[in-house]
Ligand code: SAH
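The chain below stands alone and is given in structure tokens; this is the form predicted on its own.
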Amino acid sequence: MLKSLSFTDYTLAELTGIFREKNFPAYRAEQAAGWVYKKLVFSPGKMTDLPPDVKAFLSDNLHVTGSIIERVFESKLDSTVKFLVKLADGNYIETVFMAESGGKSAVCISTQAGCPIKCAFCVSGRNGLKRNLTVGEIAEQILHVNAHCRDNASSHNVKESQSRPVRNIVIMGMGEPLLNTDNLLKALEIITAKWGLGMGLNRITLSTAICPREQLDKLVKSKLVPNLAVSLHAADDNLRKKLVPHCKADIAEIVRNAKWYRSATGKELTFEYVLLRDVNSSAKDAGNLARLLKRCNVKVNLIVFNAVKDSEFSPPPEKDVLKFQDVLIRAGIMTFIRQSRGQDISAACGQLTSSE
């Protein structure tokens, strides 16, 4: 009996088992996977080298994708495209595609509908958590973006660079990835497998605000280890509790767990810090962060707060942002100011929500 209705919920080994149960040759499963992940064909009727009985089985039992693109928003400021994705149960998520010259395109994917962490400056968690995404719903976001790039390559509304397939993945959309670790790991298997999307782990970055050792250990044991970005936003526990109220770990534990992951995997480690005017963006705040990270040999990404409706926060002046960066650089910490993308379509950091 099938456990779900989406082809993308299953690994190749699982699909092969299902096909064998139906007395189909095992190689038919890999053929079907090739149509879905390599050729971006989601209709069994168009999988021309599959026999009629296999096509009929897929049509009747395994929807290739369980989600659909409801709306597409294109930025007038840059080449960012945001997708409002409708899930099978009526919930919504958002996925963002960012294209740059030279083919350095990236997709920002979600792992939960809503978010339980409720960072004070982020709209994703305003309505709490609806549910975890399934394996297929995580992987399908990349399929949707790649198919959109293919289908709109010649459109005058789509920049030339957007016609290229996704090159990088940032797991930084809606939700806390490490609260949906099991489904994420299986999705990563599909995303990185040769029979799947075939993407290298070095091109994937996972962002977490909680950094739990137990879940990081699951990644390490699975050998599905993306780069790690830790959303810190404060160097003081009292302030961080206000900004990230649903994280139980203190800052020392978060930093310790992040450094352990880097040591265990050799992966790139970045700390992310959203700058909020008169909250965490003073020279004193920068000095506290510099002391916290001085011996960690890490990179820091500074993110200027992106305006969201009904927020109590605002971005700091540019001079304060540059001063903050300067304090960290003088402490020997490699520090960058991350460019916000797609602000006019609410696609930037902290702006993603289910805008149905």
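Heads up: residue numbers just count along the shown sequence, starting at 1. Given the structure is predicted, the values throughout are model-derived calculations rather than measurements.
There is another form of this protein, the form predicted in complex with this ligand, and it is not shown here; the text below is about that form.
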May I ask whether G173, S207 and F305 each come within 4.5 Å of this ligand in the predicted bound form, counting any non-hydrogen atom? yes
Looking at the partner-bound form in the predicted bound form, is D217 within 4.5 Å of this ligand by any heavy atom? no
Looking at the partner-bound form in the predicted bound form, is F121 within 4.5 Å of this ligand by any heavy atom? yes
Should H233 be counted as a contact of this ligand in the predicted bound form, where contact means heavy atoms within 4.5 Å? yes
Report yes if any heavy atom of E272 sits within 4.5 Å of a heavy atom of this ligand in the predicted bound form; otherwise report no. yes
This ligand isn't shown here, but in the predicted bound form, which of 218-226, 251-259, 278-286, 173-181 has heavy atoms within 4.5 Å of it? 173-181
Can you tell me which residues in 26-52 come within 4.5 angstroms of this ligand in the predicted bound form, by heavy atoms? none
